[in-house]
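First comes one chain, alone, set out as structure tokens in the form predicted alone.
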Amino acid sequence: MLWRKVLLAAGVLLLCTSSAMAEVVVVLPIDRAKFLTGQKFDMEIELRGAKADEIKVLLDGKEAASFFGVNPVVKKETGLSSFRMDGVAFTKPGAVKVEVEAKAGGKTFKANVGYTVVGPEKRAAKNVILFIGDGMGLVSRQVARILSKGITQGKYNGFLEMELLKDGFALLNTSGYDSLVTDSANSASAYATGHKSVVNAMGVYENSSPDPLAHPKVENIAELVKRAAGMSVGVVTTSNITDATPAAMVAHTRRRAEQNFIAGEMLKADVVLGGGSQQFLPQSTPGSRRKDDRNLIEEFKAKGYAFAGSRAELAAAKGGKILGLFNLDNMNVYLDREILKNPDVLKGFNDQPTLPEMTRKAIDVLSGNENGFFLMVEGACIDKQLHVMDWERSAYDTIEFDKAIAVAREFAAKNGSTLILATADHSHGISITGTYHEKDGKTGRQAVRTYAASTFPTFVDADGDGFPENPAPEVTLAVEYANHPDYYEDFKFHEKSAPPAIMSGDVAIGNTRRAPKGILYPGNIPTSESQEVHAADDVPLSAGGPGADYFKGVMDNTEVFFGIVRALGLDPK
């Protein structure tokens, strides 16, 4: 049973009873968790379904209070008891055995978990730049390569910047500890902390509390590099800056939707660039999504941040800290922002910077710290456009993301001592079936060309900037989806993006406005889902620079964190 597998993974013992809720011992962090020496975390043991008479916790045979030098907070309540120690850390590397014994009503419950602790390595890199193409699986890379570089007689005319990072390469598992298929909060949190979490959570393990801020925390990369090495931190994205992936670099919450809270946590970073001013403006301001009167933009300014609200203001911004917010919510995608420039789509945000421009500015500012920097750059709308089944817009954002990697590679070539990682937080179930054209009068499904009929696409990049001028050439790609709702498909590029399905009560139905002359493709996921959904596919990681050799073979996504702290030689003790 699924629930049993999840609980056993969390390090619990079940005792079935005739009561409505089985009595369960849950140990957090979960079994097989891995830690950096000195990395702070909260440890919690819950006895669910009973009131404990006693909870005893041993680490390597030693009482927990003595092992950590911290007195636990023990709560004994009907139906739920807990044993918690906040802000503890392991001080030496090696294996740690945790034994838990809880007694309640004459019954004894036991649970055992094991942890691994690793120590610091000699510092190899001064800086780390982590590029996360949200939802950018292997096929997304390939689609972008076809459009940006072209393919002639079966050979690519060039490769993406991320594919030129050749010092390390790995395939990453993206699952959380609660489910096979993850979301961006959980998966980005694994990169930021080195620990698995659950869907919609970041920087925490899930306990029973209804308060999203009360779950056991694990110290994240932004906190660690500042505390252990005095480094600077940057967070750059094309999404709302409080969205899941950028939020996971700095925040701890069970609910990624706590974006008012997350906005304030961005003060942990020195450079913050993206969309999402709606979370920073007081509720009295039109467009604000805050539930209070805090003006976080003014609060950031008071703490020494220069503020930029446009591309021109970003270029002119000076100082060691910058907050840049270029749209109320997510920034517009590259095709709409830089090529089509439809004012009805841009809605007054006509001067948004590109991701390469934001990346360059972030590096310029952060590199002023002689102790080095950690920078996370996200191509967020690769994912968002695949959710609405608009692969062309997703591909152009993947190319823009790749251009940002070129900026980092240029910096690393001049300055050295910089580890660059390019990966995704999770994948989408897209595939290149072949090509599509209507030159012989065929349309729709009959015009999908397979095998020998799949002549090469005719995208043209006349000015050599890597972006084809026309996203709808005579011969285009046939990109299809493995996990979709009912939707209408005509295989054409649409000047205005539209959702694939709309809700009719509790059921998603195909949106005829998306492709009025298209054919209906019946969905293959639950009818409650109105968008294409994430896939569990492993994602590729390419690495270049000092410390890149750590990444090889098939790895867990939590190992990205350990590769980063290894390269930086972090010693938070």
Partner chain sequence: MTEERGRSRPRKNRAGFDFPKIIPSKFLSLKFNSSKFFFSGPKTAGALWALVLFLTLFFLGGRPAQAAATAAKTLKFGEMYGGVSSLGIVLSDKLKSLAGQAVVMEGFMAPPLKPTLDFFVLTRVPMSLCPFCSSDADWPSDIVVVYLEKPVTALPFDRPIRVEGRLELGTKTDGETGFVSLVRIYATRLREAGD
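Positions refer to the first chain, counted from 1. Bear in mind the structure is a predicted one, so any value in this text is a computation, not a measurement.
Beyond what is shown, the protein has a form predicted together with its partner chain; the following relates to that form.
This chain lacks the partner; the member of 105, 441, 230, 287 within 4.5 angstroms of its partner chain in the model of the complex by a non-hydrogen atom is 287. Residue 283 is the only one of 283, 71, 371, 152 with a heavy atom lying within 4.5 Å of its partner chain in the model of the complex. Although the partner is absent here, residue 390 is not a contact residue: none of its heavy atoms lies within 4.5 angstroms of its partner chain in the model of the complex. Its partner chain is not drawn, but in the model of the complex it has a heavy atom within 4.5 Å of residue 347. Contact check for residue 334: every heavy atom lies farther than 4.5 Å from its partner chain in the model of the complex. The closest non-hydrogen atom of residue 507 lies within 4.5 Å of its partner chain in the model of the complex.
Only one segment in the set 256-264, 95-103, 139-147, 168-176 has residues whose heavy atoms sit within 4.5 Å of its partner chain in the model of the complex; it is 256-264.
The partner is not shown here, but in the model of the complex the stretch 481-515 reaches within 4.5 angstroms of its partner chain through a heavy atom at 488, 499, 501, 502, 503, 504, 505, 506, 507, 509, 510, 512, 513.
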